[in-house]
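Consider the single chain below, provided in structure tokens and representing the form predicted on its own.
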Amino acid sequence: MAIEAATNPVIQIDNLSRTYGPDEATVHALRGISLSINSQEMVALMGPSGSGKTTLMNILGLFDRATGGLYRLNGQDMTHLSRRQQASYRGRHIAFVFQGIHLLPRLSALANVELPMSYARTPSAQRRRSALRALELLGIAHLKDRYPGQMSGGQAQRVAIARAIAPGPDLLLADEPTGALDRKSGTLVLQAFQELHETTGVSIVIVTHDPLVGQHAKRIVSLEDGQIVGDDPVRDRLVAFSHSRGGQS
């Protein structure tokens, strides 16, 4: 059964800005944006190169700090946390999937999925249960003993997603997760995101420039020149796309 998005926000940002450089050459990467993303919601951040989507992703993931404005995660103010506090909170609540898969070639799929929990000193039995459950959710439990060199690109990316979600994060951030894959493998990975969202209810934010990737989300937030220029349910986008072509499917 699909999980409906809850109304309490995981992410709440208000008038967020990020600038770089001295006064004479200031770059306004984000220009006072406001955005709310509810728990159990799947959102695509879209925009051309230089639109601010990567800067926003880095702030959401606590790798960068806003110049101004407010960022709350699970209701807690992230704006003034120290680097050490940010790293601690990130490790407990946020997971990441990148374009580069970064599996360790000498470890099996199961061992790769267990690895972050090993660093967190999760007990071994709990580690294995969580890793196997993540692989099962993504339909790749049969790959648990295979090594990365024995997998296709799409299979390896799904192992990377399993590694990200096995510890049970509140928020999953994916940065161009299909960018290095062919279209067929990329579609399988996006379907895995959808199934993961519907099964677990984890909040997912996908950064992409590809409209086809965005259509797999429930909502598209469009950025341009550091500002939000669109925030629409995907269903509305699909209707508008159909109408613009004379109602053809």
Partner chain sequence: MNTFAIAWDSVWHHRTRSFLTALGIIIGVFAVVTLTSLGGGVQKYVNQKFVGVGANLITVMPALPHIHSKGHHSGFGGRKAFANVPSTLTPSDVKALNHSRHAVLRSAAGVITVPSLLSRPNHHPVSASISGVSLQFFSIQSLKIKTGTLAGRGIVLGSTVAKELFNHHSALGQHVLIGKTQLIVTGILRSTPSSPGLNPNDTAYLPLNTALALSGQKTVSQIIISASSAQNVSAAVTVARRILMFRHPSHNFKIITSQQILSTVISTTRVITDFLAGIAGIALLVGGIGIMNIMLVTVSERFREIGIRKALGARDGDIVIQFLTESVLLSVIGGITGTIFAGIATHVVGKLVGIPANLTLGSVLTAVVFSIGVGVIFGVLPAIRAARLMPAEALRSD
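Quick caveat: nothing in here was measured; it's all calculated off a predicted structure. Rigid core: the largest C-alpha set superposing within 1.5 Å between the two forms. Positions refer to the first chain, counted from 1.
The protein also exists as the form predicted together with the partner chain; that form is not presented, and the subsequent description refers to it.
Put simply, residue 79 is far from the partner chain in the model of the complex: not one heavy atom of it is within 4.5 Å. Using a 4.5 angstroms threshold between heavy atoms, residue 158 stays clear of the partner chain in the model of the complex. In the model of the complex, no heavy atom of residue 222 sits within 4.5 Å of the partner chain. With a 4.5 Å cutoff on heavy atoms, residue 99 counts as touching the partner chain in the model of the complex.
Listed residues 199, 58, 36, 187 were compared with the partner chain in the model of the complex; 58 is the one with a heavy atom within 4.5 Å. 91 is the sole member of 91, 139, 168, 153 with a non-hydrogen atom within 4.5 Å of the partner chain in the model of the complex. Residues of 120-135 that come within 4.5 Å of the partner chain in the model of the complex, judged by any heavy atom, reduce to 121 alone.
In the core-superposed comparison between this form and the one not shown, residue 107 has its Cα shifted by at least 2 Å.
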